[in-house]
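Taking the form predicted alone, here's one chain by itself in structure tokens.
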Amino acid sequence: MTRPPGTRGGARVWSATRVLLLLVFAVFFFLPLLALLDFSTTVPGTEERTGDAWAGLVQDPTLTDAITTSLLLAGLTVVGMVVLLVPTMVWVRLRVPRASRMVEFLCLLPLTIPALVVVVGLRNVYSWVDYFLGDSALTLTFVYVVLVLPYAYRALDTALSAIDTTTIAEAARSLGAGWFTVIVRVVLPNIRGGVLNAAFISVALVLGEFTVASLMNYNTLPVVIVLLSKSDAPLSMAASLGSLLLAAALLLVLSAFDRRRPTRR
């Protein structure tokens, strides 16, 4: 079969275009990171290099506490999102499919409400939360679970739409499985990719969320980075770059759980 004229030249142009776009993307993405690294390792006023700012990441107790708090918030938010959203969406699909529109509307509602309005609205609620659970930054988990609902709902809805939830649930029920077994041992393993995607988004949102934590006077990692920028700019830049690397490492760890076993032929 003869190749039509111009095909080889068009492929070369397309290949060169892809390489050029990748280079542009690499410069756009990595140049600010390199600038952060350069600023955080340079002594102000001189050209000397130092690692004092990076050493300060583990020596500053305020920063280490903020890192611990943000990591705990990310983990608790993922657990809360999965516990709240997965059983609800599975139950609605199996038992009350007419309510799916209402659940979707409620999950997407936080997108339309500004963070300032959320904080003002939750002020009275959090007076009771503080009374029962104490004035801890970890109580932000309740707010963060609400904030990640729009993104987590889309990831889980796509995963549930890719499987025949009704058939596999009825098959499990016919074999004597209870609803807890159906959700945890039958449906959940089949939507593992969607759950991990929702966890990706939740971790990224929690590690970068600033407005709500700042307005509610809690020292999470983004809030402490902004406060440090007013007194120690190199340490603030090192913390910013470190938080990005930390988020990337967490996402890589989560993606490792999504590896499929190779199929044998």
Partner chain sequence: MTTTAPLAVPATAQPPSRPGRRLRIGPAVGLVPFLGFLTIFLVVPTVTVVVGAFQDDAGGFSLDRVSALFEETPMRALRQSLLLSLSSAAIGAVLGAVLAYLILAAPPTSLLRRVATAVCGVLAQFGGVTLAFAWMATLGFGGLLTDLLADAFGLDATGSGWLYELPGLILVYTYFQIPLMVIVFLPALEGLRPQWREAAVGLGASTWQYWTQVAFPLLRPAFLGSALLLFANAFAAYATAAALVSQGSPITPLLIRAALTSEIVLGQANFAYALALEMVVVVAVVMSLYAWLLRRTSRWLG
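Residue numbers count along the first chain shown, from 1. Everything quoted here is computed from the prediction, not taken from an experiment.
Keep in mind that the form predicted in complex with the partner chain is missing from the display, and what follows is about it.
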Tell me, out of Val184, Leu72, Leu160, Ile168, which residue has a non-hydrogen atom within 4.5 angstroms of the partner chain in the predicted complex.
Val184
Any of the heavy atoms of Asp38 lying within 4.5 Å of the partner chain in the predicted complex?
yes
Does the 4.5 Å heavy atom contact test between Leu138 and the partner chain in the predicted complex come out positive?
no
When the contact criterion is heavy atoms within 4.5 Å, does Thr211 count as touching the partner chain in the predicted complex?
yes
Wondering, does Val78 line up within 4.5 Å of the partner chain in the predicted complex on heavy atoms?
no
Applying a 4.5 angstroms cut-off on non-hydrogen atoms, the residues of 136-164 near the partner chain in the predicted complex are Phe142, Val145, Val146, Leu149, Tyr151
